[in-house]
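Two forms, one chain: they're shown below as structure tokens, one block per form, named structure 1 and structure 2.
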Structure 1
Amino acid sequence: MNWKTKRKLFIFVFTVPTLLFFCLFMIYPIIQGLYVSFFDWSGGSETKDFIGFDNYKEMLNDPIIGHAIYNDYFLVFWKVIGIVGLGTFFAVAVTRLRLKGAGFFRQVFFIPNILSVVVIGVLWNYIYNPSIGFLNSFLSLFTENKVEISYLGDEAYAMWSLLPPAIWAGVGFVMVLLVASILNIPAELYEAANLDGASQWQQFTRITMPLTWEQIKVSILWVVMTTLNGSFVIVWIMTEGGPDNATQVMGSYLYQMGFRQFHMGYASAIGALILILSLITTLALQRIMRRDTHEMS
């Protein structure tokens, strides 16, 4: 057996199992979901009634769908700003500004990433509790009357109240990713910039940001994809899509229709919509963020 054959065998052994798992747990469920979306099916009955595109037509007339899509992109927009913005700021702060205890701050900010989303949701539910929650208790220190705002029960506050826990949970990952990238930038570049009299902001915009752009882009795409496909968990734990569907996102509405109202065909159609919007959004962002990669010599 020559070296070319061994190389091909090596690639085959390590690639095929991964491909099989990907097809089994990703491709097959997608195809099955698209198939079910053309049926009227409760999810538990033995019979399925083929109805063609009726589930998709029903979505066009469902006002909750439009509201759920808006909420998804509301979370996407503010989470990108909050998570990537704060993650970048803290990464620069602990590397370039030479803050004392930088290692401590890295660990503290990364702690939420090792917690389950369920734990985070329950924790923030207690923080927002109108009677015994920390937030109202803290605000009450500065008012004559006790503050009893129902953050998760008021349509005016509910969506905004989901942002702090969601951002808190993701900042650490982006920070650690960018810290590693910034530490790989040659110190000579910053020394030359200091000699030229460049400010910290100029160093960030002309050295740090261009040389870490690939990591920033990955962070943005990570936030977008995890939000469009995974915001269901935090929403369902904290509000279950309420009050009055005010915090409903596509994932939570899919769960409600499929596993609460047993309209599995319609839920599968919602899943297909999530897939389409995720692909369109990702491709659009990749095109918008396309720029020349700066290499470090």
Structure 2
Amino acid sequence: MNWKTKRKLFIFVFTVPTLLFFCLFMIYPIIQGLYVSFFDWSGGSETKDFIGFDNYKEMLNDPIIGHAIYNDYFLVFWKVIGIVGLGTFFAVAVTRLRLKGAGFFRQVFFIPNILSVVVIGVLWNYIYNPSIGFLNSFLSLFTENKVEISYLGDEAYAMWSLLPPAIWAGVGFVMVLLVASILNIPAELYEAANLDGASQWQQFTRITMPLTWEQIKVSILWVVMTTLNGSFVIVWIMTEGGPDNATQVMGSYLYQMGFRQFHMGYASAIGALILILSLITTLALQRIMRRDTHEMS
């Protein structure tokens, strides 16, 4: 065997098995998912009927789909505000404001990020539990009558109640990301600003924001993508999409349809919808935020 074939073989050995493996367990299922979405199939019977785009047409007439999409973007919007907002604030606080115990805060704030969403969901279920939960008992300390809000059971509160655990779980990551990038900003910039008499707020808007904008952007995209692709877990653990579909997101509705109501074809079509919407959203955000950078600089 000459040197060249040896090298070729080496490259082959180091890439192709991984690729085949990856295609079989990642790419193939996703193609299959798209394929099944053109069938009427219960997931339990031996026969599938090809129905073309009927599953997709049915989605147009399904009010829960619209509601689920709305809920997904509700979570996206408020999670971006909450996680990126708080994360930025904390990052600036531990770096620029030279608080004591910055290391402690960094360590502690990051803890929720390493917990499983299942653990977070179960934990918060009991914080919210209307009778034995923490929150109602705590609020009752300040009111005359016992507070008996059923956070996850009342359509008016349920979606809002999903936000605190979701934000709680994400802030640490954004903070760590931004701390790293703020620490990379040359200290002379701030020194010069201080000499010019710029306030902390001015320093934040003129120096910190523009120079960490890349990381803020990454944070926003991270929140958006993990929410659209993964918010279903916390929903399923905490409310199963209830009450009365009030907290249904696309992922939980996919699960409900496929595994509880026996419409695998329709569930797959919802999966395709998630794929399309997350692509469009990420693309759109790219566009918007790119323009922002120009305006700022």
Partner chain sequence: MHKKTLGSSILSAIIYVIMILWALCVLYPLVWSVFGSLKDNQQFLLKMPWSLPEWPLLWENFANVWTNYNVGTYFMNSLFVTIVSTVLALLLSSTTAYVIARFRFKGSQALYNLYLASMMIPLILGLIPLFFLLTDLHLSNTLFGLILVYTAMNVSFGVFVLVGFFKTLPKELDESASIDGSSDYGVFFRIMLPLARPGLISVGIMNVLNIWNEYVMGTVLVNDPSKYTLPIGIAVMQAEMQYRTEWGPLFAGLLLSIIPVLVVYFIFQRQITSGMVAGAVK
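The term rigid core refers to the maximal set of C-alpha atoms that superpose within 1.5 Å between the two forms. Residues are numbered by position in structure 1's sequence, first residue being 1. Predicted model, so just to flag it, every value in this text is computed and none were measured.
Structure 2, not structure 1, is the form predicted together with its partner chain. Relative to the superposed rigid core, T18 undergoes a CA displacement of at least 2 Å between structures 1 and 2.
G44 shows a C-alpha shift of 2 Å or greater between structures 1 and 2 [criterion: core-superposed Cα displacement of 2 Å].
Comparing the forms between structures 1 and 2 on their rigid core, the Cα displacement of L279 stays under 2 Å. Once the core is aligned between structures 1 and 2, the alpha carbon position of I27 differs by 2.8 Å; this is the C-alpha shift at that site.
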